[in-house]
Structure formats: C-alpha cells, structure tokens
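Here you get one chain, nothing else, as structure tokens; it is the form predicted on its own.
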Amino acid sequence: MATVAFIGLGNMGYPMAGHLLRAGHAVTVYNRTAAKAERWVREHGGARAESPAAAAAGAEFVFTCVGNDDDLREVVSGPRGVLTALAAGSVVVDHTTTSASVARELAPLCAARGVGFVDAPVSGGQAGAQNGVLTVMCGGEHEHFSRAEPVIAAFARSIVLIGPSGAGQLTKMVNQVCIAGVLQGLAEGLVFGQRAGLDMEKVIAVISKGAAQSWQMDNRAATMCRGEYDFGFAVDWMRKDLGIVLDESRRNGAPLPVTTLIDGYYAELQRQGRNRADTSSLVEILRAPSKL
C-alpha cells in the first residue's frame, strides 16, 4: 500500500480519492475550498492538508485533478506546489484534462528533482469515478507508469500507457472529438425520429442492438428524448475540452470541421444559460432551428 496525496476534490477527484483510501492506501487530500476537504475526511477518513506541498510531504504518489493548465502549474510547480516537498523517487499522476504542452512542460521540471510525471486524463464521467471504472490514458516514462498503475487501479478498469509525456492528453483529445461527433449524430437522429412521429422508445431499443449502438445511446438517448440534462458532464467542461482540441489542431494541422461546428453549438447553449447542463443537451439546438 502506498502513501498518497490527492490534490483537487471536484466531481471526479472526490470519489477517486475515496477509492484510493478504500483500497488501503494512506491518503492526504488538499482542496482549494477547505470545507470540501474537511467533508471528505469526515466521510472517508484519511487526512487533509493546508497546501499542495503539505499534502505531498512524505508521499510516494501525488494525484492531481484540478481545473486547467494554470491550476495544474500552480499545484505542481508553484510556491506552495508539490515539487517543493516531494522526495526523489516519487511520482506525480495528473488526471486533469489539460493541453499536451503543459504535460511536456511539467515532466522535465519533475525529472530535474528526480520525480516522475504521468499525464493521465480519464474518461467515464462522474458515474465512472463514483463506481471506480474509469478509463485512464497515460503519457510518460514506462518506469513511472508501471509504478503508478497498480495504485491507479483503485478507480479504473482500463489503464494504458500510450506514449511519452503529452500522449495521454492527446488521446483524451481524440476521445472528446469522438464523443462530440457521436452526440451530434445521436441528437440529429432523435430529433428526426420524433419529427417523423416514431415511437422513440421502440426505435432506441432496436437500433441500440445494431451498428448505431454507443455509450451515449445507451446512457443518454432516453433522457435526451425527455429533455432531461441535470446530470453528467457539463457543457462548460466540454467547451473547455474542445477549446484544447481546437488549439492543438491549429498546431498539428488536423482539419476538424465537425468538431468546430459542434463547439459553436455548445457556445450557443452557454449563451442560453445551459452551462451546467449535461453535454447531451446538444439536442436542444436542433429543437430551436433558428439557432443553427
């Protein structure tokens, strides 16, 4: 069992840290809002710290799951960041969805102190985090990955090292491009079927057994038909992720016409005040065709 620090107790990090403690690891948490860290300790046990550095003191592994590139820089290499306290031989595992460039920036900073760095964004949403069945896509050195893998397994069902630093984040970008496209196709199909007067419960039941089947269809089609979006991965988060994707595509030259279009639809949902609605609320754009 390992001595672990967990930095960032948002919708994903909160249950992930809980799984680590239940797996038998010694866990110290830090969260920018101290009340949430206090609540986590009351619920799970473990300990909380007043800064990322204090949480990391004596830790073999530091897990981070924060908001964006700047947040990650602050908790890793800032004045009270984990690198001020970590001993050589420890490993930082970052589960934040960030740019690939920040992963490539932080990996050598960690290496200079003898600390490993694995960029390890996740897929599976809040439900996957709560149920401990996330998919984790990793970038970094095999030595650091192989040490971290059995610890990550506390909240994951699939953990894969894709390549060097940044490869995990690039894989997450591929993931988000595919999700956006699938959701758009599903939204169009559902609206088409409803406008055609079909019994959509029967339609979903039959086509979900064929080539159209997807996680989004299995988990979101019924709620999309009912107009229910008060759960899941928020529009604001998808816009953040697609912004990272589109920035990277401008660097590598990949044409992303559909992703660009869908990002615009999500921007319209934000303008409508649906910032915290699930990403499946994309279907509402089609129900208000004047917004297209």
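Numbering starts at 1 and follows the sequence shown. All values reported here derive from a predicted model rather than from experimental measurement.
Quick note: we don't show the form predicted together with a further copy of the same chain, though the next part is all about it.
Quiz item: Between the options 129, 82, 103, 173, which residue brings a heavy atom to within 4.5 Å of a further copy of the same chain in the predicted complex?
Solution: Flagged contact: 173.
Quiz item: Which of 156, 137, 151, 91 has a heavy atom within 4.5 Å of a further copy of the same chain in the predicted complex?
Solution: Result of the distance check: 137.
Quiz prompt | Partner-proximal stretch of 215 to 223, 110 to 118, 91 to 99, 67 to 75 relative to a further copy of the same chain in the predicted complex, 4.5 angstroms, heavy atom | solution = Partner-contacting stretch among the options: 215 to 223.
Practice problem: Spell out, yes or no, whether the shortest heavy atom distance between residue 258 and a further copy of the same chain in the predicted complex is within 4.5 Å. | Solution: Because a heavy atom of residue 258 falls inside 4.5 Å of a further copy of the same chain in the predicted complex, the answer is yes.
Quiz item: So in the predicted complex, does any heavy atom of residue 249 sit within 4.5 Å of a further copy of the same chain?
Solution: So residue 249 counts as contacting a further copy of the same chain.
Exercise. Indicate whether residue 265 is a 4.5 Å heavy atom neighbour of a further copy of the same chain in the predicted complex.
Key: Yes - in the predicted complex, heavy atoms of residue 265 and a further copy of the same chain come within 4.5 Å of each other.
Practice problem: Evaluate residue 182 for contact with a further copy of the same chain in the predicted complex, applying a 4.5 angstroms cut-off between non-hydrogen atoms, and reply yes or no. | Solution: Yes, residue 182 is a contact residue.
Quiz item: Even though the chain is shown alone, can you say which residues of 147 to 164 have a heavy atom within 4.5 Å of a further copy of the same chain in the predicted complex?
Solution: Heavy-atom contacts within 4.5 Å come from 158, 160, 161, 162.
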